[in-house]
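Here you get one chain, nothing else, as structure tokens; it is the form predicted on its own.
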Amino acid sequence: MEKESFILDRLLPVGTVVVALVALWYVAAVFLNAPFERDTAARNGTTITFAELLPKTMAQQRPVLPAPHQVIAELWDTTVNKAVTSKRSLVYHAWVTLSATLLGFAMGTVLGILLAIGIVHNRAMDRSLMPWVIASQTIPILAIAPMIIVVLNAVGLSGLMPKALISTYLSFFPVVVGMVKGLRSPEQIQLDLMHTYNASSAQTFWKLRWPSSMPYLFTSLKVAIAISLVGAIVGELPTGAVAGLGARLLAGSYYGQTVQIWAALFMAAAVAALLVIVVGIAHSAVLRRMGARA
């Protein structure tokens, strides 16, 4: 019964959407890649039928939109057929980006939690700092990333740290917002009960506010770790990096290798999904440790 419910409620709807998207992708690939084949036939003084056109649009070296099987073949070639230490391996490039992502995520999480604690416990910080935290995210990261890279290079910081700081800049915001909401989630009656126990501010924080904020924290962390990956990729673009998923995207755009670009995009999506799953597993483990029911 549970297996049937899983198939009907989850597997079937998701599978239907995936099949529809793949079918739409193939149709779009035919229409977008067809003009090149028609132009080639016209230059050769020949005509091309739809039956001849269709397979050609699926096998172009530099298509406008690569077909799904081309992207899958590129992913297989650059992950399975290449050594992980090779600079042509997507696993190698993913690790370079992942290292900056995790460092930036860790720094952003710590910064966000500390800011949230200050905002909740200090009214002046709440009124003065919170608006600036929100305003900081109105600046496009593509605009400030080159400035951050240039300034840090001028003071001798290059390599991993500039990319991690860009990830920090993006990832701290959801943590701040989520933790402020979480630390303020206890009801007034619960706070009054702590007062009747003559609990100090530290005791109220560790025994009431902090446990109450856990669901909010991990929900924010899922957003933060995904956006941290985006920050690391963006940080690789203005540096002319030779390694990382951002560098792979940049090289593909330079040489018109759209299949390479799409493979790197799918690899980035897979890494982001894996990171979110890891945070979700940690969330479940923490809730079980705190006594939550399965």
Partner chain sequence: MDSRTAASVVCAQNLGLTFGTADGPVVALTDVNLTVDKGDFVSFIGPSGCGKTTFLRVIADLEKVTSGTITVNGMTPEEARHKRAYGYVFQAAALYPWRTIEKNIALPLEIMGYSGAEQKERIARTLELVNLEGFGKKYPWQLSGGMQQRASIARALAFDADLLLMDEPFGALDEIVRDHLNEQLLKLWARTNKTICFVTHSIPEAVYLSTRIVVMSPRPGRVTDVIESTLPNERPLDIRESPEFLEIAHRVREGLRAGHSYE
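Values in this document were obtained by computation on a predicted structure and should not be read as measured data. Positions refer to the first chain, counted from 1.
The same protein also has a form predicted together with the partner chain, omitted here; what follows describes it.
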Original post:
Tell me which of 111 to 119, 150 to 158, 187 to 195, 69 to 77 has residues with heavy atoms within 4.5 angstroms of the partner chain in the predicted complex?
Top reply: 187 to 195
Subject >> The unique member of 87, 222, 181, 207 whose heavy atoms fall within 4.5 Å of the partner chain in the predicted complex >> reply: 207
**OP:** Would you kindly say which of 144, 199, 102, 125 lies with a heavy atom within 4.5 Å of the partner chain in the predicted complex?
**Re:** 199
Original post:
Taking heavy atoms and a 4.5 Å cut-off, does residue 81 contact the partner chain in the predicted complex?
Top reply: no
Original post:
So in the predicted complex, does any heavy atom of residue 212 sit within 4.5 Å of the partner chain?
Top reply: yes
Subject >> Within 4.5 Å of the partner chain in the predicted complex: residues from 91 to 115 (heavy atom criterion) >> reply: none
